[in-house]
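Encoded as structure tokens, the following chain is the form predicted alone, with no partner shown.
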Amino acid sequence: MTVKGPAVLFKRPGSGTAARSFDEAFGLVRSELERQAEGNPVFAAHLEMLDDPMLCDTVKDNILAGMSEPEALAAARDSIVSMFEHIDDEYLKARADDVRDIFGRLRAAMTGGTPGGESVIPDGHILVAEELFPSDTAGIDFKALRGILCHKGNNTSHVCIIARAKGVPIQVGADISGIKDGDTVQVDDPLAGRLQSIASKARAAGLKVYVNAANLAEIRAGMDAGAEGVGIFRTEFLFLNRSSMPSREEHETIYREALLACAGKPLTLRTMDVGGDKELPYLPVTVEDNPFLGLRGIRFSLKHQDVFLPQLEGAVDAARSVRGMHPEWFEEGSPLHLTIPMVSTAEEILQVRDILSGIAPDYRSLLELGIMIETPAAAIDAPALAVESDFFSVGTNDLTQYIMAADRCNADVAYLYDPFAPAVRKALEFTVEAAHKKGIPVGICGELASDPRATGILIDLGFDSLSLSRLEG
């Protein structure tokens, strides 16, 4: 979608003169987010991030180390932002902007500022900004906007999600130098309306349309928008944003709420996909020459079972609890689907089944166990892996990277990172064929599922479901 219109430059309110303590500022920001979170999944997710113990603990540890409160806040922000920016996952990497936004709210509250104040925008204008955060959108009248043009940003950022959900095209990475109020500018947004079109085509072909999520707020938003389930629930937020290992009870609470939010529809919970680019602050780091071919995904989980076991226990507990409340949801199989990342061999699946059997001999009545197809070994040996799996979920991001032997973050080999390459298509075709021959469903949850150029191909290949980056109600 391309739109043109007169520019209006965004002006963020400055800091005030009041001085508040971190605790006072935290309380003010939390109250503001509680109000804004009602009916808004982005701010609901921000509230979850604010309440994560790691945020307060990091700030207060810095204060105890002798920093002033503003210095402690800035150091904590930089530390947590850095953790997200080093993750090779576009969705999780984009959450660094959410962290900056939350800390920006706290900093503004400590200095008496009022982020998120009303922004007066003339009808039919295009908002031009160096950078926008979700809190900046709280005071914007989207009905008056014709479009948004930003220099900084990421297409998977929450600002982009908010704008497109409001029907406003947005372009990030634009050169805005020299633009003045009233200049005629153009917004090019090929992604506007994309997901509605994909969902319509998939449903018309008989595929189920799921949503990807990384927190409870995104699950609820996806279900409200008509998703038929959650194709991947990234659980890394439970492990990354904290200074201590999550307990069995914490896992159980989150997964129970997620199952209830899905109301009997499938919840595909990906077990912890850490290692490689995702380091845990509470475990010693082993430097690897090639971390993406090293200890990550299920390899990491099986080596660190003290971290993995509470997650599996929490998942089993959640399923048992929800079955007690809603036994009808389990009459045709469990809505809880566990999927294991980075599987290469059938032995890895069997090891997870052995652990689950030790937790609950009846685990098969409580959940289904499947695997992510994202290594060449998994795709090539799909017939053998299908024997031990209840379903397949294809992660095209890593699968493409490994099949083409091309780092997707390396611009010099970007021409090789092509999910439409014949070798990748053959791997997808073979995977679907192996799954259906065994009689198990196969879905796709990688970025390819949200690419309109791929919808017809994935339908023709015979996938049973597509899981989109989000759904728009």
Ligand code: PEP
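So that there is no doubt, residue numbering starts at 1 and follows the sequence shown. It should be emphasised that the depicted structure is a prediction, and the values quoted were computed from it without experimental measurement.
The following text describes the form predicted in complex with this ligand, which does not appear among the structures shown.
This ligand in the predicted complex is approached by residue 445, whose closest heavy atom lies within 4.5 angstroms of it. Within this chain, residue 218 is remote from the site of this ligand in the predicted complex, having no heavy atom within 4.5 Å.
Although the partner is absent here, residue 252 lies well away from this ligand in the predicted complex, with no heavy atom inside 4.5 Å. Residue contact with this ligand in the predicted complex: residue 397 places a heavy atom within 4.5 Å of it.
Look at 143 to 151, 228 to 236, 329 to 337, 177 to 185: in the predicted complex, residues with non-hydrogen atoms within 4.5 angstroms of this ligand sit in 228 to 236. Residue 372 is the only one of 385, 159, 319, 372 with a heavy atom lying within 4.5 Å of this ligand in the predicted complex. Residue-level contacts in the predicted complex: of 105, 256, 270, 164, one residue has a heavy atom within 4.5 Å of this ligand, and it is 270.
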